[in-house]
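The chain below stands alone and is given as structure tokens, in the form predicted on its own.
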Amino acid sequence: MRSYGLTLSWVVEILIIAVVIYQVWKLLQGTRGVQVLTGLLIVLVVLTLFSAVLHLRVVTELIRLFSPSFFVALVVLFQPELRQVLAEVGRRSVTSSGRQQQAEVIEHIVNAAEICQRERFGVLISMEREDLYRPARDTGTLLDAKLSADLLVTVFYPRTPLHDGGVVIRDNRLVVAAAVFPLSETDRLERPLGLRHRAALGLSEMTDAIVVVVSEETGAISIALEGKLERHFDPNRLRARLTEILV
């Protein structure tokens, strides 16, 4: 009976650790930190295997001695990412008025898209959900401003310095403008569609973001979601589709 209790305890502990590691990995996904972490882990595993197979006692002893320092170095090295993870956990725990906030965000985006469609302004808007795409913050201009339709139209006005690139919206904040999104390598994109649509598709392939595109040439409104491009929206259909996805 006691042995069964110990086994159950181990299983619970392993599950808790696995869930924590998975959630941290998911939050770090798409950041530079996860790439560095992956590289460090590969180097550590290779060194450990070589030292064990070839009986390299000095290397084994060095790995054992520096293991505690390795974890301290990880905390220092990934301080920005860890801060972002903790902020994300706090943000997800606050769920009050979430649907109302989403409805307001949708309305701002639809109103801005309608104006930009009429004026033929090119638009590329990423609405982040669970996944956080860190490179957009590294390449763009951080704003962290309260979202409004007027702000979006101003950003995408062709004579402003921030119009060339995409914007990232998280919750009800315009986080970054003039960001560079990854380009999709698909060969199924129709010829008239340009870099904005390819960037929208690329980001939707890598993350769970909803990306709204307004063509500068035709004024056509499209949505990129899960690596697929949905086209030919008018403002009312855009509002209905975004509400269906988010609310």
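As the structure is a prediction and not an experimental result, all values here were calculated from the model. All residue numbers are counted from 1 along the displayed sequence.
This protein has a second form, the form predicted together with a small molecule, left out of what is shown; the following refers to that one.
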{"item": "Residue contact check: Val212 to the small molecule in the predicted bound form, 4.5 Å heavy atom", "value": "no"}
{"item": "Partner proximity in the predicted bound form: Val180 to the small molecule, non-hydrogen atom cutoff 4.5 Å", "value": "yes"}
{"item": "Distance check, Leu195 to the small molecule in the predicted bound form, heavy atom within 4.5 Å", "value": "yes"}
{"item": "Glu61 within 4.5 Å of the small molecule in the predicted bound form, heavy atoms", "value": "no"}
{"item": "One residue of Glu107, Glu119, Asp164, Asp138 in contact with the small molecule, assessed in the predicted bound form (non-hydrogen atom, 4.5 angstroms)", "value": "Asp164"}
{"item": "Residue (of Leu132, Val176, Ala112, Leu124) lying close to the small molecule in the predicted bound form, criterion heavy atoms within 4.5 Å", "value": "Leu124"}
